[in-house]
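Take a look at this single chain in structure tokens; it is the form predicted alone.
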Amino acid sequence: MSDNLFDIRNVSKIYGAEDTGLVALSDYSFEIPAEPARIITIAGESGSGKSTLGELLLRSSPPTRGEILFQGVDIWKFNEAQKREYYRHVQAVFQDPFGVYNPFYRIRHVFDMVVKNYRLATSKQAARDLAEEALNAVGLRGDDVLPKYPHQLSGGQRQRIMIARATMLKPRFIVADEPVSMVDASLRASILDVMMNLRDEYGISFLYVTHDLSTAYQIGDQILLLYQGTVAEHGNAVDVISNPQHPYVQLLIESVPKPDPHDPWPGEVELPAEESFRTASAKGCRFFQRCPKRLSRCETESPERYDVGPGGHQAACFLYEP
């Protein structure tokens, strides 16, 4: 058995024909150690492939090429018993805290289904105790929320209940796909605090998918910045955001507006057409047409990831080739 929770090896996801289709994720390799628990942030602009990785880890969609190993076993070679056990260890929290509920059932139904499907308790009281423990972990009380219907709760409460539902199974890993993007700003901090508490107190690792670099900086242990399905830069979250090296990541962080009325946005930015660089047959760096530091070789050669700092800080740019 592998010492890693996940070994992701040369994974690509292509929609359409394998040689000419749209590349959502390209030749991606990464290891997620079993210990210590950590929050791994996947960030990038819309369409960069952030959610695709989460879908692959949840077995919602198979990779076009490559392998995803969970504790040394390919997740797409599981039998039925292994699939059931896998989902006990790998859970998900999705973006929409409204659409995941059936409005005709009370909140207790969310927990009853988990208890029933995984046979977690032999009595109603034991099932209630499990639900109460999970709710307490996210700062809620069963008496306050279990008898209610979804519409009677705030978006922040509904999202924390989804996290509590996932933690009932005591998973090793949770895929959190933009879990705070549809929640009021005043409630986001409480949900992020819950994630950090589950990491520290319960040993649960997270794949935190987001476009918000401020929350990535706040809670991420590691960060991977994606651009058109490729990893532009990765490393310690604080190091990458404080000292970006890849031209795309530098522009991305510079685009965050500053709270200074004397430093206005420059206005509209015209971007070149880029889809031709995203097909499976395309060569070269996908950021070539937008890069202010591009070299002639970038148009025909795809860069590897080179070391640019301590702690595994790497950037996929020829500027850092030894």
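Quick caveat: nothing in here was measured; it's all calculated off a predicted structure. Note that residue numbering follows the sequence shown and begins at 1.
One more form of this protein, predicted together with a small molecule, exists but is not displayed; see below.
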Suppose contact means a heavy atom within 4.5 Å; in the predicted complex, does that hold for all of 24, 45 and 48 with the small molecule?
yes
Which of 48-56, 65-73, 287-295, 28-36 sits within 4.5 Å of the small molecule in the predicted complex, heavy atom basis
48-56
At the 4.5 Å heavy atom threshold, is residue 15 in contact with the small molecule in the predicted complex?
yes
